[in-house]
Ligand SMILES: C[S@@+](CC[C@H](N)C(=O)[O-])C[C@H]1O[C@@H](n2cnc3c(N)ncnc32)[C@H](O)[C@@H]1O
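Starting off, we have a lone chain in the form predicted alone, written out as structure tokens.
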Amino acid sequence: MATTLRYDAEAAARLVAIYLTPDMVAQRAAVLRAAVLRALVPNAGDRVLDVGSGPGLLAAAIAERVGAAGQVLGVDISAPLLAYARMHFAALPWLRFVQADAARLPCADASFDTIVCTQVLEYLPDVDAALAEFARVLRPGGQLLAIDTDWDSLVWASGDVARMARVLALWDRHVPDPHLPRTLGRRMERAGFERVCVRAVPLLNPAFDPDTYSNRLIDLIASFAASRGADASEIDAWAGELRARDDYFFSLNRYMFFAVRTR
């Protein structure tokens, strides 16, 4: 049974560092562009729910778009991440953050026009229960944008392929389903959504830079592996070899699903 990653204060700080990298800034911009093209958040006054809002960066960007006539609610299970969000975005009174489970949302039926859920569903032990909640709190015709990672899509140059495989096999345990995008569309349909489209959102670091998603991910993986009893010398050697490579290369695919509540 997988022992998933929990965002306590230390892990939350590492996650915030990841979210502030240029890679993740670009991903948030891509999400907003896609949302606008799909007419998810085009109008002032829209009601938007960000499930798994983390440090609140995407929720704040959405709040700025919908304006004071709108309503944006960020929901997360991590108290440290909620504290960061509340501290940094207190100037937007139409943006609120609450602590709640994605499968038990503190929201009325049909109370939102749009739900965004980025890199969250793969962490949930019961994805179907969460999707049922999303359908409940969305108005008829409301739209869902969800992004999740298939961790088999990860490509990382290494001089020790066997060691890389061992480390990534351990990292797969940080989520209940490291391959969720393969089944997510069908699950959405069973929950009462109609799939509109799915697209890949690649992350690419073709050279080493400390201020990249992949470099920050090294620290997160190393911390997770250590907390699960991995051999410290192997993890140190793995991280050190990656950062010392002249031919550094990293790529990872996330998958963006658009769906409409049909019932």
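Numbers for residues come from their place in the sequence shown, where the first is 1. From a predicted model like this one, the values you see are computed outputs, not experimental measurements.
What comes next is about the form predicted in complex with the ligand, which does not appear here.
In the predicted bound form, no residue of the candidate spot (S158, S214 and A239) has a heavy atom lying within 4.5 Å of the ligand.
When contacts are judged by a 4.5 Å heavy atom cut-off, F250 does not count as touching the ligand in the predicted bound form. Although the partner is absent here, L131 is not a contact residue: none of its heavy atoms lies within 4.5 angstroms of the ligand in the predicted bound form.
At least one heavy atom of Y123 is located within 4.5 Å of the ligand in the predicted bound form. In the predicted bound form, the ligand lies farther than 4.5 Å from every heavy atom of Q71. Stretch 98 to 106 is the answer when you ask which of 161 to 169, 98 to 106, 85 to 93, 178 to 186 has residues with heavy atoms within 4.5 Å of the ligand in the predicted bound form.
For the stretch 51 to 69, the set of residues having any non-hydrogen atom within 4.5 angstroms of the ligand in the predicted bound form comprises G52, S53, G54, P55, in sequence order.
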